[in-house]
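Let's start with one chain on its own, the form predicted on its own, as structure tokens.
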């Protein structure tokens, strides 16, 4: 991605000569107009019967499914996602829409015993009104929809600011939304930081859901809190795979390699650390080297691709800098460590062993196919190392011992704990989000999304005499 004059130019990360699209970024005036259009539609959309709102989401699902192959190819071209993962993302996006098309018909309140014994005391969940959505480039269809679908199902209207690295995917999805939903239900504002800041600061926006970096997310949360708006921020993680001595090493290594290096490590739930009980460290090291060595780094449109390019040349340079600093700090490169000598932003999948849980490579999210390997004397020490970062999104635990699995599920401080599963899996029908620096505000996805996209109204209806 590069900018020429005021334009945003989207470039294929696997083929730098391929310009995907060019868009003009929105500034404050354009954001104002988008919010005004959404606000004008808000009351009418909130009063739309729930069944009609659900039918609208189902229509979007049908339209998206009909064009899923085309949009998967666009995802591959614009953000470098391997084609098999891109197709999976589109299938998940369709499922998300169909799930919330039915959730729109859920009960929207409760009744309670009144104090006088004869009145009607109840609560209703009401939409917040205009909500802002700021989404990243790495899941350019699924993440926008896991925000848009519940927001719309519960009766809100949305102003959506996608990543400047995925404007073509955003425009294609917006056309499908606009074709199936009432005018003003969703407004699109393309742009970078200026557009996002204007959306967060706008007094007409009641709530903002953000997915992105920790630094930006903290600023978003502070700005919204200061003006009394509601914030939901998902801000990444430095996720650990904890491998106990009784684990199936080969199976664990395969899952960990995929979670750490797949899609070039560009997922907030990617594995950034592997913490092994010392008796299994040597076997695990060898198994990881073998599993990583078998991963295919090639053009993302090829069916065999597993890794693909990083999103920008700058992202690759940052990753190479992190690798160099890890080596300078005493880390040992077990495999990888260099750029791939080909067109595109490719980096070799890299495993770095370190004896220091406080080392930068073990503490900081690289957002690239770079993973730290650490040893722990026992499961308690492994859990302590896993907890010893400021993030708290996802942890994978590999063991055959149910007792220790249950113990670690209690001891770990992440929003997701996955036993004998990779850190990178997400189920859209259950709550998703992190602790500590990984998340701020209510959880996303599933029916938990109602807590963010609605507020509670308590209503007392008494007889007139």
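Quick caveat, the model's predicted, so the values are computed rather than measured. Positions refer to the first chain, counted from 1.
Unshown form predicted in complex with a small molecule; subsequent notes refer to it.
Asks: Just checking whether residue 138 would be counted as a contact of the small molecule in the model of the complex - the rule being heavy atoms within 4.5 angstroms.
Replies: Answer yes; at least one heavy atom of residue 138 falls within 4.5 Å of the small molecule in the model of the complex.
Asks: Given that the partner is absent here, does residue 92 sit within 4.5 Å of the small molecule in the model of the complex, heavy atoms only?
Replies: Because a heavy atom of residue 92 falls inside 4.5 Å of the small molecule in the model of the complex, the answer is yes.
Asks: For residue 440, is any heavy atom within 4.5 Å of the small molecule in the model of the complex, or not?
Replies: Flag for residue 440 set to no.
Asks: Taking the small molecule as it sits in the model of the complex, is residue 267 in contact with it (heavy atom to heavy atom, 4.5 Å or less)?
Replies: Within the cut-off, so yes.
Asks: Choose from 41-49, 404-412, 63-71, 423-431 the stretch whose residues reach within 4.5 Å of the small molecule in the model of the complex, heavy atoms counted.
Replies: Partner-contacting stretch among the options: 423-431.
Asks: Here the chain is shown alone; which of 354, 211, 306, 190 has a heavy atom within 4.5 Å of the small molecule in the model of the complex?
Replies: Selected option: 211.
Asks: Please pick, from 143, 83, 249, 319, the one residue with any non-hydrogen atom lying within 4.5 angstroms of the small molecule in the model of the complex.
Replies: Of the listed residues, the single hit is 143.
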